[in-house]
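A lone chain, given as structure tokens: the form predicted on its own.
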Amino acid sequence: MTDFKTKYGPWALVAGASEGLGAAFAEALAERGLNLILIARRLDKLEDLAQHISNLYSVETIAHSLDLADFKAVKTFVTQRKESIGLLVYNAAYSPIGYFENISEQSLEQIVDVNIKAPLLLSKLVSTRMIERKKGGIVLMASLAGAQGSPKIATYGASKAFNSVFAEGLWNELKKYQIDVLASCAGAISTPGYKNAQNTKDAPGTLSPQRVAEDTLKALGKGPIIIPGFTNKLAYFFMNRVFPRKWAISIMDKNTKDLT
């Protein structure tokens, strides 16, 4: 824990921290001794989380309501921070469910803003300071949905594929500065959002947010990609190394067709 705090502290910025996986990351980082800057749209949930963490751990917390689709607001907020941010965890995502023909142009724009432009901007801003200090870390949440075409969440999957490839390239570029970059390609996670979208029982390999957060943080510094959970690792292997591509897409179709 002390080594983690030394390498990635003193402050961590968690984007999309209000509940679910983002909240799990926040608590796992607080347990490791990092102070927290928590950002998302819902200030009430952020403040509740900050209070909860402050009651359990001896860390400082800052909760700030921020629309991650607002490029200028994100840039203004981060550039004005005086805290030394040693770790970025980008967990926020916009995931409209539906076939592409039914997704509005406004939703498509928001997918790009939240899932692609915001992690790009935040990675650029925090890494610039990390390069000066010669240490730090960046965690980008990707998804197994981005490992192949994923019908009914095609746009979300494509945005997560971007984050995986971006993290891999950044991992290689920044390691000379002792900055660790990691894409966490998670499968289904039992978050409130997932439970609301799932009409049937949980998908095979569904993990708790706490498990995904712990597996991801333990993998930081060990390579560019982590797939939390044995079942998900096995699924990734068969879907991307064994099955023909069209089989993998058909399997995803069966898994996503009941999402609402």
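Residue numbers run from 1 along the displayed sequence. No experiment lies behind these values; they were computed from the predicted model shown.
This protein has a second form, the form predicted together with a small molecule, left out of what is shown; the following refers to that one.
In summary, among the residues Val114, Ala167, Leu88, Ile179, the only one with a non-hydrogen atom within 4.5 Å of the small molecule in the predicted complex is Val114. Checked against the small molecule in the predicted complex, the candidates Gln210, Thr61, Thr231, Thr191 yield a single residue with a heavy atom inside 4.5 Å, and that residue is Thr191. Three-residue candidate spot Ser18, Met141 and Ala186; every residue lies within 4.5 angstroms of the small molecule in the predicted complex by at least one non-hydrogen atom.
Partner contacts here mean any heavy atom within 4.5 Å of the small molecule in the predicted complex, and among 123-131, 169-177, 89-97, 147-155 they occur only in 89-97.
Not displayed here, the small molecule is approached by Asp67 to within 4.5 Å at the level of heavy atoms in the predicted complex.
Although the partner is absent here, Ala50 lies well away from the small molecule in the predicted complex, with no heavy atom inside 4.5 Å. Shown alone here, Ala40 lies within 4.5 Å of the small molecule in the predicted complex, counting heavy atoms only.
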